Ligand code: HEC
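The chain below stands alone, shown as structure tokens; this is the form predicted alone.
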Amino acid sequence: MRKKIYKFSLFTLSLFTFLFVSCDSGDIEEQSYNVTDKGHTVKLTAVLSGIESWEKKYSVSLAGFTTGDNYAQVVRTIPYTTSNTQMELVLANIDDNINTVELVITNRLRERVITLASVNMDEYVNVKDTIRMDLGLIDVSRFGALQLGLFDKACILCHGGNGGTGAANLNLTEGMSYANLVNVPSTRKEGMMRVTGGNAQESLFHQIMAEGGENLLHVNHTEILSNQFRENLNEVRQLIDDWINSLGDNNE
């Protein structure tokens, strides 16, 4: 019996020595500190509609970007199954070099396609509390993304529907834009549709936004587009084409 007690005590002493040496190295404490005290946290709260309309090469994401870089430094993809339900999504461990956190459409390379909403992180340098991004009900379908990221940002200044009309009798405000675009004859280019559903190449919308389209109308729309989307111009153009072509499948 004494022999067994002696062996157990020796094992206990060895285990205590191992734990003491491991803890004394400082590795465990340092790792815990880095995980729990790094950077900022942004919490997105929203009800997203239309998220299921996206094809697989695109994602609706909450992502952090640095100025001048179109690739997300940190990103969380929002599942398609969250459509039309109250959703909360947290993006944590955001470094100080991140300038914006955005609700954004990204491609498979984590590249920004078009921004739907954003938070300027430079305004929260000394803020330690969770930064809240409360968006309410928001349409993130393909056409909803164009409304939020393109029309509202770059187009409604001229096509704002003053008194029911805008420039060229084109109203691109929310709730009016789709009916003013799809399969509607142009008032400026005879024989053309503003958007020919299912055929981007034959749509005036595509042609005036594409490279070389600056001379089709008296207003240089390609210049407007390039000024607004310096880092993601090609991605926005591709999104326009993908949306128009998708209309042949009766999708938005």
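Keep in mind the model is a prediction, meaning the values are calculated, not measured. One rule holds for the numbers: they count along the sequence shown, beginning at 1.
If you look for the form predicted in complex with the named molecule, you will not find it shown, but the lines that follow are about it.
I have Y58, Y71 and R112 flagged as a candidate spot, so tell me whether each of them has a non-hydrogen atom within 4.5 Å of the named molecule in the predicted bound form. Zero of three within 4.5 Å in the predicted bound form.
At the 4.5 Å heavy atom threshold, is T196 in contact with the named molecule in the predicted bound form? No, T196 is distant from the partner.
In the predicted bound form, does F65 have a heavy atom within 4.5 Å of the named molecule? F65: no contact with the named molecule in the predicted bound form.
Do I78 and the named molecule share at least one heavy atom pair within 4.5 Å in the predicted bound form? Close contact is absent here: in the predicted bound form, I78 is far from the named molecule, nothing within 4.5 Å, heavy atoms only.
Is there a non-hydrogen atom of V90 within 4.5 angstroms of a non-hydrogen atom of the named molecule in the predicted bound form? Although the named molecule is absent here, V90 would stay clear of it in the predicted bound form, with no heavy atoms inside 4.5 Å.
Can you work out which of M176, V182, A117, L150 has a heavy atom no more than 4.5 Å from the named molecule in the predicted bound form? If I apply the 4.5 Å criterion carefully, the residue I get is L150.
Heavy atom contact within 4.5 Å of the named molecule in the predicted bound form, the stretch among 81-89, 102-110, 165-173, 134-142: Looking at the partner contacts, the answer comes out as 165-173.
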